[in-house]
Each structure stands twice: as C-alpha cells, then as structure tokens.
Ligand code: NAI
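Quick setup: one chain, the form predicted on its own, written in structure tokens, and binding and motion questions come after.
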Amino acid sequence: MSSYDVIIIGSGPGGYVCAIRCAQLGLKTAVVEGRETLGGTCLNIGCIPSKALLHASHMLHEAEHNFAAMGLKGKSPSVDWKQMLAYKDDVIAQNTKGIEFLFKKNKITWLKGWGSIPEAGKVRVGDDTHEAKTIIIATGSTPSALPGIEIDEKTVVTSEGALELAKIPKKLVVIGAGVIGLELGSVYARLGAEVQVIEYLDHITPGMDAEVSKTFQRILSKQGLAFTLGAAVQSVDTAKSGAKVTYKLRKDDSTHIVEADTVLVATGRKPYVDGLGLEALGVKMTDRGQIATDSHYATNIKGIYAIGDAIVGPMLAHKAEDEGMAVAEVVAGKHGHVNYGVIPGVIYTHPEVASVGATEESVKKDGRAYKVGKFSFMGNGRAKANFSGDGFVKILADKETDRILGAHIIGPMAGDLIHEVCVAMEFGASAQDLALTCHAHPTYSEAVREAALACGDGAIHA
C-alpha cells in the first residue's frame, strides 16, 4: 500500500493545478485520473478543443467577409472538416502532454484509473488501495440533460459530441442559450450550418448584464443565429434523417416542431461525483448535488476536501484553478484564499463577451448609488481597422467613492481586456485610477480607459 501526503481525485484544471502547488509546497502528491490523458474535461473535451474550432471558424469568416476589403483577393478557402478536427485533436494533444511533463517535473504520481474513497484516509484505484493524509476531490462536472431526452452523441449531442460530429450539419438546433450553446452554435454557423437556438428564458446568457445580453443577441442574429426565446422543449425524437424538436412557447402555450440534422443539448452542467462512495462515507451534500464545504474547502469528513465544479460556485476552469492553489496552501498549513467577487467570465464568440463583478441589475437591486461609464469600440481606431467595431466597454463605479464595482465588455479581445479591470478591483482601485493610467495607442485597451474616463468628466473619443 503506497502512502502520500495528498491524493487528488481528478486531473482537470482544479486537480492538476492543485497537485503542482502541493508538490511545490513539499507535499508528496498523487493524482487519480481514469482518462487516457490528463487535463480533465477542459483540455480534452471542453475549453481547449472548442477554442480551437472557434479560432478556425473565425479565420474562415474573416476570409469570406473581410479579406477582399483589405486587398487580399482570391478564392475563399473550402472547409476540410476532417483536417479541422485533426487540428483540434493536435491542440488537445499538445496541452495534455504538457500536463504530463509538469507532473514528471514536479514528481507527481499519476494513479491511472477511476478512484473511490472506501474510508477517510484511503483511496481505491482499481484493485489497489492507497493511503493519504489528505484527499482532495476535484472530479469536475458533466453535461446535464433535459428529462426524457436521450443523448446518443451522434444526432442528439452534448458539448462533447458536438466537438466530434461526423459532418457539418445543414441544420443545428441548440437547446440552451448559455455560454456552451452560443460558442458551439457560432462555430457551426460560420461553417455554413443553419443554427436555431431555443431558450426557456426570455433572454440569452442568464446572469449577464442585460444591456450586454441584448447587444450580444443582436450581433449574433446578424451573424445568422436564429433565436426562439421563452420556449420550453417538450421532446426530441430521432430518426434516420435527423431529429424533431417539439417545444411550447410560454407566452401562449402554442406547440411547435422544428427539424434538424443535429440537436445540441446545452442546458448546463452538474457535479460529477458518481462512484466516489460519498454517500456511504456520510459526506454532506447540497440540495443541488454539490459537495458541501467550509471556507477552507473542507467537507464534514476530516481529511477530505473538495474544489471546482464539484462544489458551490461558478463552473469555471479558472475558479477551479484558484481553489486548487488555495486548498494546497491550506493543506500545507498556510493561508489559502479566493476572492469570489473578482472572478471573470468570458464567452469566446466573435465578438467576445467578458464580465467581472456586479451587473447593473444587481447594483440596482442592492439599492446602491452608482454611475456608469461606457465607450463604444466604434470610437477605437484599432477596432475599426480590424473590422471589430461592434460592442462596447461598460464600467460600473460607486457614485460616492468611485470604486469599481464591475465591468462588462463586448468586443474584440474582451476576454483579455477584462483582466486589467480585475487587477484594479483586486486592489480596490477607483475608475479614476484606471482613467489616469497611460494606455498604449493604438490598442483595444484604450476603450477600457475611455469607459473609465466616462465615469468622470467624460470619454475623449466619444
């Protein structure tokens, strides 16, 4: 029986980052992973492969719509779907092999197989049982489906199957207008598919700042995505020719049927904790099936901790990474902390959408006096030169103290631009602090500064 200071179950962003930090802090560390490759959902069937397809399809869009205007003339490229999937798989391989290298570099043991916890202090992998002073559950999440809908990952698919379709569908129905549905819907719309998004709510991207959400929907509609909102899907029936989706409109209870080659069910994710033996151990769970933890990520069973998608909070890879580093610090006897008020969220369509902190709706609900600074990318020279003038930067600041409460960006490189606001918020900066900071010209980041200026006397280029 091998013995470790820490055994982590799961090698996704939370698990592998936690393992590396534990090893750096001098703890003998092992990671349990049943996949053939490390990296979990994110690297294998999530964040990384979807970004590869988003990038490839965006390049096609640029060639078809913008190259000629720049004097780049010639026949637009045709799509070799098999080669595009091969490119995506190569990107996955580079990343997963990189994690293997980091494990070897940090002397982390990979226990290959699926893990369970027969009792506190022990982890079973296959026929072997290993001892650990500390066990950290980082098993991530899995797609959640609607009741009565059968997923075959061929005609009716989750995000996993959508990354491996045999061919580009002529008609794709996406159930759910959240991050995953819109990203993958964008990919196939750019590749020529007719895409219809069906959403239960009356707006897309639940939880997003309403002004950004409306602008986002308008831009995506121009790109060819069709939206059916306020619709409750009743059933999905498959046949050799494809699938039929039946839904009811909530406003009048009318029933409608739409046919498609492929149906993507993108209705969220749920914690993946099956097979761990948590019930027998008496591990406390939340009403939503998450592992209940305290502020130090400890469960109610001594020596067992949990992080990432398996616990309460946004299901984001970077949130899991931060928790992985924080719990490693806690286990090593140090102080681990995550500032949940400054965790950015990003949608990697084109334009990108990014946010951090409070939305205007949440600030209003709290009854807080606030001010808004906005700046359109149409006033940004770099954005106009790159056919990226759609969208804006919106900064919310406290009316009395000028402290930044939140920021919302829809536009080019929004996922990167949001981070200067994150740093500012982490240090309690004011909008004026951001406005007085010199930004290089010409860059997209000038739009962030202009929005900060708009919180004061006004933007310069508006």
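What you see is a predicted model; the values in this text were computed from it and never measured. Numbers for residues come from their place in the sequence shown, where the first is 1.
The next section is about a form of this same protein that is not shown, the form predicted together with the ligand.
- Heavy atoms within 4.5 Å of the ligand in the model of the complex belong, among the stretches 333 to 341, 267 to 275, 68 to 76, 96 to 104, to residues of 267 to 275.
- None of G178, G373, G357, P351 but one reaches within 4.5 angstroms of the ligand in the model of the complex through a heavy atom, and that residue is G178.
- The single contact residue among A280, A239, A166, L201, judged by any heavy atom lying within 4.5 Å of the ligand in the model of the complex, is L201.
- For the chain shown alone, I219 is not a contact residue for the ligand in the model of the complex, no non-hydrogen atom being within 4.5 angstroms.
- Proximity of E160 to the ligand in the model of the complex falls outside the 4.5 Å heavy atom cutoff.
- By the criterion of a heavy atom within 4.5 Å, A260 is excluded from the residues contacting the ligand in the model of the complex.
- At a distance threshold of 4.5 angstroms between non-hydrogen atoms, E183 is in contact with the ligand in the model of the complex.
- Taking the ligand as positioned in the model of the complex, the residues of 300 to 338 that bring a heavy atom within 4.5 Å of it are, in sequence order, M315, L316.
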